[in-house]
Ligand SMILES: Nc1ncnc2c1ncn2[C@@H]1O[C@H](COP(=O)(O)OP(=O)(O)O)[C@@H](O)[C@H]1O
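What follows is one chain in structure tokens, specifically the form predicted alone.
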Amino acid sequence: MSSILKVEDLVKYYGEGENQVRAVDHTSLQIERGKFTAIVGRSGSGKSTLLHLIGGLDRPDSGKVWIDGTDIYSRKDDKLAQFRRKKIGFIFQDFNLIPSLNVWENIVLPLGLDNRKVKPREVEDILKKIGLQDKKDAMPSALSGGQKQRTAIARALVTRPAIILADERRETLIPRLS
């Protein structure tokens, strides 16, 4: 089985001297395609920093990250952003929904950012699988926390990314689309 993710000697420090925080300190890992992996640890242990580095949202001080065979940090910022939109689905702790967009618009937003065509039947299928088909016109302010979370999951799934990175405080179930 091939690797979807390979992290090699990743380092990210903040601050200097005795105030230095070693958020990610020479971390290496490999995840095989099709596997579900959880990274657990106490608050402040660097989990979110690691996910941001893996997803190309922040650049490491040193080390390498390969997603789907691509060395993501060999790319310039604009090409890395394009790669992220196509290959990485993100689910953030605070969901990052756009308050002025309804559920449907929040879900299809990544497709529009990449000038990709929206396939309404696929979006409807995702909405049905996550139990939000009756909320597609609702604004985020009218949703419960769980509904916001499911909207964020749908947004991560709609592009059919190679990998999904979920930065969650609690257990989340991601529905299978196959």
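Everything numeric in this text was worked out from a predicted model, so none of it was measured. So that there is no doubt, residue numbering starts at 1 and follows the sequence shown.
Here the subject shifts to the form predicted together with the named molecule, a form of this protein not shown in this document.
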- Task: Among 61-69, 36-44, 129-137, 115-123, mark the stretch whose residues have heavy atoms within 4.5 Å of the named molecule in the predicted complex.
- Result: 36-44
- Proximity of residue 21 to the named molecule in the predicted complex, heavy atoms at 4.5 Å: yes
- residue 49: heavy atom within 4.5 Å of the named molecule in the predicted complex? yes
